[in-house]
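In C-alpha cells, one chain follows: the form predicted alone.
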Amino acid sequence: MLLRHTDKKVKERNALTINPAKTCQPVGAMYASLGIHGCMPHSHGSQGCCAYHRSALTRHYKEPVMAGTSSFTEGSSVFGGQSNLLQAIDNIFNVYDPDVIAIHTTCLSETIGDDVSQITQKAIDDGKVPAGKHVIQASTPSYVGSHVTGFANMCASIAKYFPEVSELKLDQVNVLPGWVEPSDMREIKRMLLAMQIPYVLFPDTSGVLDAPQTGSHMFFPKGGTKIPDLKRCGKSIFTFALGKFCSELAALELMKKCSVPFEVLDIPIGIKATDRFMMKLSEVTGTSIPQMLEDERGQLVDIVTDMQQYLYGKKVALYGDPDTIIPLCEFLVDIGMKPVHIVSGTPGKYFEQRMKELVPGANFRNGPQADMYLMHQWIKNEPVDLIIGNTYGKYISRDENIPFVRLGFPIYDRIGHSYFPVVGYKGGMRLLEKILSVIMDKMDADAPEEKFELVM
C-alpha cells in the first residue's frame, strides 16, 4: 500500500497537507441543519459540492440525506448566483414544503462574493417565502476551518434567528450537544429525563439520521428540534454549551440576543467530563442526581478496576475533532493509558492549551498540517498499542499491525456509531468495551499456543 512509503523523518511543512484529518465546512453545516425538524439544507454553490456533502453524511449514517443546491454553472460563477438561489428557494418551498431552508455557502459562492443575506431578504420581499416558513443562512467557506467550524457557524445562525426575546423565564435549560452522533443526543436526553430537567436540545439529529425502517417513506423524518422549541430557547434559565469549538458561538448568540447565561463544558465523554456535566446540571437546576445514574457511574468504574491490567501503560494515538479528543484524552489518562500522538485538523489555540494541561510531553498538533501523514510518521518513530479515530486510520492500523477503534466522523466501514452512544457513563462503558476488545483480540492473535488463554 502507498502508506508503506511514508517517510519516518518528520519535516516541517508550511504549504502542504497530506491526507487531512478533517473535511470541509459545508458538511458540518448540513449536519447541523438536519437537526431541525422539517429542515431542508441548501448548498449555495455547484451541484458537485452538494453531492459530496450529501455523500459524506450518507455513507457515515447509512441514511438518505436530502439537500438542495443552487447548481452553479459557468455563468453563475462569473455573474453571481442570486437568480439561482431565488429560483431554488421558490422551487423548494413549492415542491418539498419544508418548514425551514438552511442555506450554507461553498468555496465558489464565497470567492465570488455572493451576499446571501441580501439574496435571502430579496426572496422574502418578493414573496418567495410562504407565511410561517423560515430561511436561515450561514457563511461556510471550505478553505477556512473544518467541518467542525461549519457546524458551529450553522448552530450560531440557528441561535441568532429562532429564539424569541422575552423577560419571562421558563423552568428549563438549553443544551447544545456539539457534533456528536444521534445516539449520543439520545443519551444526553435520557440523562436529562432521568434528572427530570425540562430542556431544549439543538440541533438534534436523533430520529433523523437513525430513523427506524417502517416500510413507508417519510421525506422529513419525525426527529429534529421543532420550531416552537427553538423559539422558546430565549426563555431558558441557562445554556449548556458542550464543546467549545462546536457550541460556544451559538451560546454567545443566545446570550447576546436573549440574555441567557451559559457555560462551556466538555462533551461528556468519560468519567470526569460526565461528572462535571451532571454536577453543573444539578447546581443550575437544583435537581439531585438519581441513583440510576450513580449506579451507571459505579459500573463504569468497576470495569476500569477489573480490566486495569490490560489498560495500564498502553500507548495511544488518536485523531479527530477537538471537542471529542479533549475529553477522550482525559478519560484515557484516567484509566491509566498514555495518549502519545494527537492530531486534529481543526485550528484553534484552545486545543493546544488543553493538550498541554492533559497530556504534557505528548506529540500534538492541530490545523492545516496536522494530518494523517504526520500521525503515521509519529507512529513510525514511537510505536503505539492502540489507534483511535475515524475510518481513515485503518490504513495505518493495517500497515503497522496496531489495534484500531473507530470513533468520530466519518466512519464508512462499520455500523453502530449512530445507534450506540459514547457519551455519559453508559457511553463510557461502550467505549471501554471497544478498546478492551481490540487489545484482547491482538493478544489472542499474537499469543503462542501455550499462552492462548480461555479466561483473560
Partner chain sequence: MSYEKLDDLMLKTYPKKVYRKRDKSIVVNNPDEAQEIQANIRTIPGMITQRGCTYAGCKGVILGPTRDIVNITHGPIGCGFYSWLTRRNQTRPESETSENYIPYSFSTDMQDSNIVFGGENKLKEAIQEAYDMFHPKGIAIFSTCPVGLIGDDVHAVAREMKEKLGDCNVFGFSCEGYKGVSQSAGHHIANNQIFKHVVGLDDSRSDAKFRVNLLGEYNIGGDAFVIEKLFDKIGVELVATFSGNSTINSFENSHTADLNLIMCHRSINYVAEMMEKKYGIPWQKVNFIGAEATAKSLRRIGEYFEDEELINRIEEVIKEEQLQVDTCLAKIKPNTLGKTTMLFVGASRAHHYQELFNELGMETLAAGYEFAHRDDYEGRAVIPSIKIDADSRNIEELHVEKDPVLFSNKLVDKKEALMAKGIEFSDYDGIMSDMKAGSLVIDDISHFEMEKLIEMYKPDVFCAGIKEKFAVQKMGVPLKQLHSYDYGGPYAGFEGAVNFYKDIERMVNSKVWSLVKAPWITQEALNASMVKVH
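Positions refer to the first chain, counted from 1. Just so it is clear, the structure is predicted and the values come from calculations on it, not from any experiment.
If you look for the form predicted together with the partner chain, you will not find it shown, but the lines that follow are about it.
So in the predicted bound form, does any heavy atom of residue 254 sit within 4.5 Å of the partner chain?
No, no contact at 4.5 Å.
Does at least one non-hydrogen atom of residue 52 fall within 4.5 angstroms of the partner chain in the predicted bound form?
Yes, residue 52 sits close enough to the partner chain in the predicted bound form that at least one of its heavy atoms falls within 4.5 Å.
Since only the chain is shown here, I'm wondering whether residue 70 would be in contact with the partner chain in the predicted bound form (any heavy atom pair within 4.5 Å).
Contact check for residue 70: yes, within 4.5 Å of the partner chain in the predicted bound form.
Could you confirm whether residue 8 comes within 4.5 Å of the partner chain in the predicted bound form, counting heavy atoms only?
No, residue 8 stays farther than 4.5 Å from the partner chain in the predicted bound form.
Please name which of the stretches 183-191, 207-215, 259-267, 162-170 has residues with heavy atoms lying within 4.5 Å of the partner chain in the predicted bound form.
Result of the contact check: 207-215.
Within 4.5 Å of the partner chain in the predicted bound form - does that hold for a heavy atom of every one of 15, 84 and 373?
The answer is yes; 15, 84 and 373 each reach the partner chain.
Out of 66, 405, 402, 429, which one falls within 4.5 Å of the partner chain in the predicted bound form, going by heavy atoms?
For this set of options, the contacting one is 66.
Within 4.5 Å, heavy atoms only, which of 139, 77, 287, 363 is in contact with the partner chain in the predicted bound form?
By the 4.5 Å criterion, the partner-contacting residue is 77.
Who in 105-127 is close to the partner chain in the predicted bound form, meaning a heavy atom within 4.5 Å?
Those in contact are 107, 108, 111, 112.
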